[in-house]
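Okay, here we've got a single chain as structure tokens, the form predicted on its own, with questions on binding and movement later.
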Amino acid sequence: MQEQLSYNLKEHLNSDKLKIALKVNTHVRKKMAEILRSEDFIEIPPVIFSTVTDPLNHPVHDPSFVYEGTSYSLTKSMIFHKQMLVQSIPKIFTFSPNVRLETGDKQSSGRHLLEFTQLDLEVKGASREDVMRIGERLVSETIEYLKEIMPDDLKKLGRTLRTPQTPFKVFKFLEARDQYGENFEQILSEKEKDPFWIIDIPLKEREFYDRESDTERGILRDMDLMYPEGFNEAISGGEREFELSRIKERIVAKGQTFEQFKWFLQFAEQGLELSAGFGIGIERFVRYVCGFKRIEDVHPFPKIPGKFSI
């Protein structure tokens, strides 16, 4: 990686595109938080680093460090902290800074940042379908809100937004892959005119904490929300494994160790109840609203896989 920015920083910081994107970012956070508060969600502070964080299901560089003899990782997502806290507070959300040091091959995707913010939420006793309805409300009402308060800015960007009608269309993972091939997500994203869900994701595609169906072995009670127009993934989430034996079984099946997740397992030994939740990437949402080809246009100091960043 060469220590030279791939863009002119002063031009980038002075660009009208960035100024509008940051305005969109401000209103997105405001509106989504208002919606959740109206549903009795409690906002919690983010966890920046921890001894336990999301293992993810794809290779990334590990952002870890040792402090006073203990190894910590920067937060890849707050999945374990959410699942623990929601046992006491049944509806929670946070704007969580996440660090995922993606491999350099993600550089050309236009939608990956090494650091980004997720609106991360969790609901105790909820099903996948319950949180899908919450996700639809967040996306649909926020888009309508932005159209009402920022018409001139969207016009400057040449952006015409559709307010998606709910409920969103649903595709099953295996059926969609059989019909469209391995690149089905991108194909459907380019084909559809409104956001849509992909559900029933195979076990091997996800992390150990995602709940396996009681009736379909190897299928998870998971979902992804996809943006149309080729903008791809918006939301990822689902129901959580809450029975200790199934959690341990899944950890072993993933080739991971109990030691990696010992603090979470110690908590789980005291009992967990079912919960469901998801994370929605704020920068990706802003990119979709603005219609930008590259996600770095929404961030003043973007960190792109495989590129030098300040």
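Remember, it's a predicted structure, so these values are computed and weren't measured experimentally. Residue numbers here begin at 1 and follow the sequence given.
Just so you know, the form predicted together with adenosine monophosphate exists too; it's not on screen, but the next bit is about it.
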Look at the candidate spot formed by 56, 112 and 281 and say whether adenosine monophosphate comes within 4.5 Å of a heavy atom in all three of them in the model of the complex.
-> yes
Using a 4.5 Å heavy atom cut-off, indicate which stretch of 193-201, 97-105, 212-220, 146-154 touches adenosine monophosphate in the model of the complex.
-> 97-105
One residue of 163, 73, 127, 236 in contact with adenosine monophosphate, assessed in the model of the complex (non-hydrogen atom, 4.5 angstroms) = 236
Contact residue in the model of the complex, from 118, 142, 189, 83 (heavy atom within 4.5 Å of adenosine monophosphate) = 118
Is there a heavy atom of residue 295 lying 4.5 Å or less from a heavy atom of adenosine monophosphate in the model of the complex?
-> yes
